[in-house]
Each structure stands twice: as structure tokens, then as C-alpha cells.
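Presented below, as C-alpha cells, is a lone chain in the form predicted on its own.
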Amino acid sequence: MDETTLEGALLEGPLAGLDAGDQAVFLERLRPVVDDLGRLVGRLYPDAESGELVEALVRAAARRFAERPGTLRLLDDERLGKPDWFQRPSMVGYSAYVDRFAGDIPGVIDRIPYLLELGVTYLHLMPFMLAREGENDGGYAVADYLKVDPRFGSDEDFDRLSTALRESGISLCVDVVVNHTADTHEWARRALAGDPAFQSYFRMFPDRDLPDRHEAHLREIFPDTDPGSFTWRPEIERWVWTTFHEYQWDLDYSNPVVLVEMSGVLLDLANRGADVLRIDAPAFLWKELGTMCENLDGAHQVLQVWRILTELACPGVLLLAEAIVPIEDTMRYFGSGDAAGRESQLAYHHFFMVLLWSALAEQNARLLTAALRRAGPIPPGSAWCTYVRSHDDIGWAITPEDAGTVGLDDHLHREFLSDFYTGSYPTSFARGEVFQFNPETLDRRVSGTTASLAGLEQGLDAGDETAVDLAFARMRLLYALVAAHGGIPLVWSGDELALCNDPADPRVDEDSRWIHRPFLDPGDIADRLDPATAAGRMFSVLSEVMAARARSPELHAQVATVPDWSGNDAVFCLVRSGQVGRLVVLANVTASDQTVDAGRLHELGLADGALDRLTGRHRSGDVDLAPYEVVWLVPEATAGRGDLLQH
């Protein structure tokens, strides 16, 4: 189908009910990208009729464009006029489970003022759509992508939530579990009933031939609880591909119908008021025999299709790639080569998180600096999501190349980090738990809240005030660094109140990650106002850090982020420099006093004294840093500069 014929079909079809102006808007967005969409479809499905598939995808986008509420259309226009809206230093994220944060969705609405106190402008709520009953991987086994789980509220509550957040200046991030559905999803139920059309939505095999050939190259995600990547379903006498859990069935994107269906899901959620679509596990979307079936070109091409479709129907909406993979693979999710900047606008900086914890355990910044320098820049219209921890475990993603830059053995260093953060290393301050020990590789991932991993739990149990003070200093350091790196810093729910591990959940014995997913007790929330409590102390620390971030134009995501050498291996240095000015971050990652000499500061562009944006304190000469102290230094000459990028 040529472009003129396609436009005619749209005007007679999904765009027919719109006025001429709105019709023209959609067609003007379509013309520059229709050829790109055709090329992507041709690469993904060389044996399919690409014209028909392009028309199906464009029709899906046109229908959602026509259905998009007026308030969201206006927001799209506003964001198109300010394309850096998500890159500004005023962006501060918060991630939470609905029930553990506030009970239900109406409770989340009631706690919007609490989020605003912390400076939050971006809220990621963990999956709250209908999940499989019983085991459901914390909601990631989705039984219905578009129906709210009754445990959390109603569909109307979702609509009220998105409206209330938008009116409060908070963007809503919603999970879209694109790799798999629950085995109770309608598509899976119809497949189990023997419908061949729906069986083709999933990867199914009548015998072990292909599964065995695939598994020769696949890695196990949950070796303790769900070894292997295929599950036998006797009802249909088929092996089903199940990368994660046996009740999560991998979708088959080599079937173009699946791409069209899931594209509709994304666009429908955007029309419900989601500002950010968190694309869960995109690395696994595409499968090819003889490969690990991770990070393949097909997965990236699917994401590029979704980027085009969202920009057609809802251009104010962002894609966030949840790709917890080696850094060189992670960066590809922003788009690479001819597609640079044409994939996800956001991605998680898992690597930075791992390196921060490594630096605290080593009390040395060499690996953090050297490995981060290897990462390099990202496309201008993109941003990292930086974080100290998440709902998930911490896997020590230190590669031989990373470790080798500073003379370390990667395997031994991962062993050391696992020992340290589970508390078995002699000098450890941490109280973490092992998650998914792999007896073949000996890798052990770690679970734990920031407070417990940073030493607060140990210090409180021992009644050691010095240990408690050091733990708070570590937590401040971690959050000051993720806030300064560039992108959107994310606070995991409970960290702002210094909550420690909670072993009370009965699921902890089988899945240690539940230990760091605490409920926010109303008493702890009330304690945020009392500086004598741990909750009050930490809430004050985080509020001050995020307020300092909001008034620092140098922390805009488009400003270059360059790790540099401080001249002292115990002090991490990060330079943010661009047209809006220069900011130098110095962080003492040890429990001892450290100094960065005046000569090195002169070389870093701080020759005539500096102001610490975090504290308002003026610095000159050598900079002395207390244990775990962090400073954000700007030259005195630019210290009074307002946030030019907020206007």
C-alpha cells in the first residue's frame, strides 16, 4: 500500500470522526516515519506482507490518537514544545508497590502531598493490573493488561489517580510486561483450550528437540526455584517457553499479530494517563536458535516500532527500557547506529548502582571511576534512570573488562561483594540476604533495603551511635550521587524513612527479595517530621538533596556527565559541564577523612573557590571531606546562577 492509499484508508477509517485539523496533525506526524516503519517491519517479518502489517500498526495508532482525551492531547502539545521536560533537574522519581505504599489506589491519591514534600515529580507504581491468583511474581504475571486488580482498586480509581497526579505535576510510570503473560491470561486460556490461533501467540513445542537445542545457549534466570526455560503442559501436550517462572508464558513476537496486539496495549495504557511506559524485560523479546536469546536485533526493532507508534498517537509519552544487562548492551536500548536516539528515551543505569555499592565495600573509587568512564555518553534526547536499589535483587554485573581496568579479577570481586553485602565478610557493615545462588557459576545476588545494606540495621542492633552516623552518611552519599549523575533519580519506597529489612513476609523463605519490600507504616510516615527518629533524619536528608538538585541547572540530563580522577583513590569525582555551567561532585567513599588538594581542584575548573550546592558552604584551597561526605561544587563566579532550564 502506497502512502496516498494509506492516508485515504485512515481518513475513511479511524480518523474519520476527527476535524480536519486533527486529521492533518496525525498525517503530518506519519509522513516522515512511515518509510522507517516499513523498513522495520520488513526486517522483522521478511516473509510477511509488509504493507498490510504497516497499515495494521498505523491503524492501531490512529485509532488511539482519535480516542485520546483532550487533556492528554494538550499535554502532548506542551511536551512537544518542551522536549527536555523529563531531563530537567526538577525530575525526581519514586517507586513503590501500591499496597505497601498506601494500601490501594485511593490511598496513593491521599499520599500525593507526602510525595510532593519529598520533591517527587515522577511516580512508578509496580504492576497493579490484574495478576494471576496465587504466585504471580509480584504482579509481573499479568492476567489482563487493561483491568485494574480489584485488590488495588477499580478502573475508575486508575483514572482518578492519573488525573490527580497530573494536576499535582507528577508523571505516572506504568509497567507493561511485554515479554510474557500469565498462564491465566485470556490468550493463554484459549491456547490451553486448543485454539491454534492463540497457541501461535506463544512459543510451544511438541517435543524436547528445539527446547534442548535452545537451552544449550540460554542462561537460567531463577536457578534456585525455576531451573530451565521450558515448562510441560499436559493439557495440550506442549512444552511452553517460560524464561522466568513456569506460570509466565513468553509471547512469540515472530508472529506479527502479537506485535499488533501488544502495540494496542501500550497505546491504550497511554490513553489511560500513563506518562511513562516501563517496558519490562525487553532483552528477552526476540528468540533465535543458537543465541542466548537476549538483546537481539529483533528486540530492538520491536522497541523502535513502539517508539514510532507512541510518537504518532501520544508523543508526550516516554518508553523506559528495563534492560538489566551489561552496560554496552543497556546503552543500545537508547538506539544505536542509524537508530541512535530512536528507541527508548529512558533506561535504568543498573551499572552505576552496582559500582556505587562496590566502591563502598572496597572503600576505593578506582573501579567506579574507570568502569563508568568506559560507558560513554548517551543520545541527547535520552536520560538514565539512576537508583540506589530497586524492588529487585542486586546482581554484581562486573565484567572481566571492567575489573581488568584496575587489576581486579571479576569473579573474585563478585564473590567479595556477595560476601560483604550478606554480612559474612569480616569488616562488613551490611545485612543482606542471598538471592538465587547459582551452583554452576557460584554467583550470588543480594537482597536488602538501602538502610540494611548501608549498615543502619547493624548499628541500631548494636546500639552503636557511631555506626548509625556512618550508615546515614553512606545513605546520603548514595542518594547524592544518583541525584547528581544526570537523568531521573529514583527513590525506592521506604528508603526515605530509612526502613530496614522486614523478614516478616512469609514469601521471604522462597524469595528473599520480599525482605526489602516493606510496608510504609503510618507511624514511620509521621516520624518523618521528628528529626530525632531514623525516619525523620533520612526524610530530611533526601528532601534536602532533591531540593538542591532542583536548583542546580548543571544537573540537566543534556549536560555532559564525565567521571574524572580526583587525585585521591578514596574520592570519586564526577564533572557536569555544559553551557549552563560546571559542577564538580566529590564523594569520599571511605570511613576515613580524605582530602582533594587545591591543585587538582584548579585543574577541575575550580581555581577561585567554590560553593557547595548541597550545603551552601563556601570552599577554597584544599577540600577536606569527612567520612562519606559528598560535595557538589560550582565555581564562585556562577554560584548565583538561577535554574535557566526551568523557564
Ligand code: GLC
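What you see is a predicted model; the values in this text were computed from it and never measured. The first residue of the sequence shown is number 1, and the count goes up from there.
Although it is not shown, the form predicted in complex with alpha-D-glucopyranose (GLC) is what the next lines describe.
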property	result
Residue 183, heavy atom within 4.5 angstroms of alpha-D-glucopyranose (GLC) in the predicted complex	no
Exercise: residue 232 in contact with alpha-D-glucopyranose (GLC) in the predicted complex, heavy atom 4.5 Å	no
Non-hydrogen atom contact residue 272 with alpha-D-glucopyranose (GLC) in the predicted complex at 4.5 angstroms	no
In the predicted complex, residue 358 touching alpha-D-glucopyranose (GLC) (heavy atom, 4.5 Å)	no
In the predicted complex, segment of 162-170, 361-369, 292-300, 390-398 with a heavy atom within 4.5 Å of alpha-D-glucopyranose (GLC)	390-398
Contact residue in the predicted complex, chosen from 278, 549, 474, 332 - any heavy atom within 4.5 Å of alpha-D-glucopyranose (GLC)	278
Contact residue in the predicted complex, from 140, 85, 239, 492 (heavy atom within 4.5 Å of alpha-D-glucopyranose (GLC))	140
Contacts with alpha-D-glucopyranose (GLC) in the predicted complex - residues in 244-260 whose heavy atoms fall within 4.5 Å	244, 248
